[in-house]
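Shown below, as structure tokens, is a lone chain in the form predicted on its own; questions about how it binds or moves come after it.
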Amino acid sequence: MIDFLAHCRSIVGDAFVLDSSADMAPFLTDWRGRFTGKALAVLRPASVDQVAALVRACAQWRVALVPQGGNTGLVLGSVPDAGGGAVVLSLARLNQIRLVDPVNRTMTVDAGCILQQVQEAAAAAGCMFPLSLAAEGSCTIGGNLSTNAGGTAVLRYGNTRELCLGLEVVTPQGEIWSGLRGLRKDNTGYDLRDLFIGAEGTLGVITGAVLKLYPQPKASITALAALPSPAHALQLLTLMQDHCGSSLTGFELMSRYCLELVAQQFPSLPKPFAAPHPQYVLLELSSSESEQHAVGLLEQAIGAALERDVISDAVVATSVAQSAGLWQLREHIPLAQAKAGKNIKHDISLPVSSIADFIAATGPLLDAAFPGCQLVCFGHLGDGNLHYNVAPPDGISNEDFLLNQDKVNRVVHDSVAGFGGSISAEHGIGALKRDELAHYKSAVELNMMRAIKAALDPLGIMNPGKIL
């Protein structure tokens, strides 16, 4: 492959073709540190034309490539396998905000832009880009689009797919498709944009995007409610939606064990209630009118929930600092899990109406199969997305418990399927869930997906071994 790498160097320069173990190391290990792959080289283009030229070279030499943004993925979708024959195509140097159009409420960006950079550029123009998730300081827009990322504002604004109007993509043949049209209506045939969003780099390389912007809210109010059960949380969701409509922008469910774990690992964080409760909901209201309007809506809804015994107690943030403190409780759950030890993670979605029944049914099944296991159940209740993680029982080492991963997955995923849900809500499939996808997708669906893959990427060089 000396000729291939020499050609790549002629395209991007010697400094941006990394082939030493030390230089490649940061690009080869997944974010959770569970797996380290091998690569022929890491290629770091700085323009769309360079990306296209590199892809053409990969096609000519039949070299597989793994597109990578911030490498914050959770399903081994952005790292190469252990074979060592693929290259990593890092989009990190494609990091320019190309255009902000406040009148059209759009922003055109490079795929390598960090999500936080996009949020800040939108704010500087008096607008808001609402995608928000824990990795926003390091994940990239290209990765967000490739995995159709969700986050905490999906209830109001939708997944990344709903926040994108157009794409620029380098095809597996090295051609550039420019679909960067900031149109909300465009009925001119197949929607090619939707093929690439959520495809995890298996059909092409996203290099740019037109994103939707929204008006900045005049005020945001945060509250933490304590509840007896997940069923009560669903009642609260309905009540809040009836009272607040589209002003309800966040609705996060957290179990008692989640907050106990956060308190153990991060004792300096707020402790809003004197006594523990079985479940909690962190909710956020945003108003386009005024803070007084948001406070009024929230107080009315919380009052109705208390009167009807839907909630047991509630704390309303009265300052930006208090609001941030309440959100920190939610955001620190994954960090607390990591500090406490390894666990078996599930990113699932269910019909919102089925969530309480799923939780009630699945916990006993897991406890019967793995007595004493701990359930770390939290997530975006408003859009039906749960992070349903299973930690080892006391006295069982992480390593020993992880040997049961396939069995645990089967219990959880069979239950998800039984309630009409999905085994991947916002993290994608990657390599980690590839076999699980084959277990739960119908033959018709899988055959259609394979047909699309074969038509667009006949050489099979785009992120092989991911999804299919």
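Bear in mind the structure is a predicted one, so any value in this text is a computation, not a measurement. When you see a residue number, it is the position in the sequence shown, counting from 1.
This protein has a second form, the form predicted in complex with another copy of the chain, left out of what is shown; the following refers to that one.
Report task. With another copy of the chain left out of view, choose which of 148, 337, 71, 222 has a non-hydrogen atom within 4.5 angstroms of it in the model of the complex. Result -> By the 4.5 Å heavy-atom cutoff, the listed residue in contact is 148.
Report task. Identify, from the list 120, 289, 309, 394, the residue with a heavy atom within 4.5 Å of another copy of the chain in the model of the complex. Result -> It is 289.
Query raised in the report: If you check in the model of the complex, do 94, 114 and 345 all have a non-hydrogen atom within 4.5 Å of another copy of the chain?
Result: Looking in the model of the complex, the three residues 94, 114 and 345 all stay beyond 4.5 Å of another copy of the chain (heavy atoms).
Query raised in the report: Pick from 211 to 219, 78 to 86, 311 to 319, 267 to 275: which stretch has a heavy atom within 4.5 Å of another copy of the chain in the model of the complex?
Result: Careful reading of the contacts points to 211 to 219.
Report task. Examine residue 426 and determine whether its closest non-hydrogen atom to another copy of the chain in the model of the complex is within 4.5 angstroms. Result -> Residue 426: yes, in contact with another copy of the chain in the model of the complex.
Query raised in the report: Is residue 46 a contact residue for another copy of the chain in the model of the complex, using a 4.5 Å heavy atom cut-off?
Result: No, no contact at 4.5 Å.
Query - another copy of the chain contact in the model of the complex: residue 5, any heavy atom under 4.5 Å - result: Heavy-atom contact with another copy of the chain at 4.5 Å: absent for residue 5.
Query raised in the report: Does any heavy atom of residue 445 come within 4.5 Å of a heavy atom of another copy of the chain in the model of the complex?
Result: Yes.
Query raised in the report: Within 167 to 186, which residues have a heavy atom closer than or equal to 4.5 Å from another copy of the chain in the model of the complex?
Result: In sequence order, 171, 175, 176, 177, 181, 182, 183, 184, 185, 186 come within 4.5 Å of the partner.
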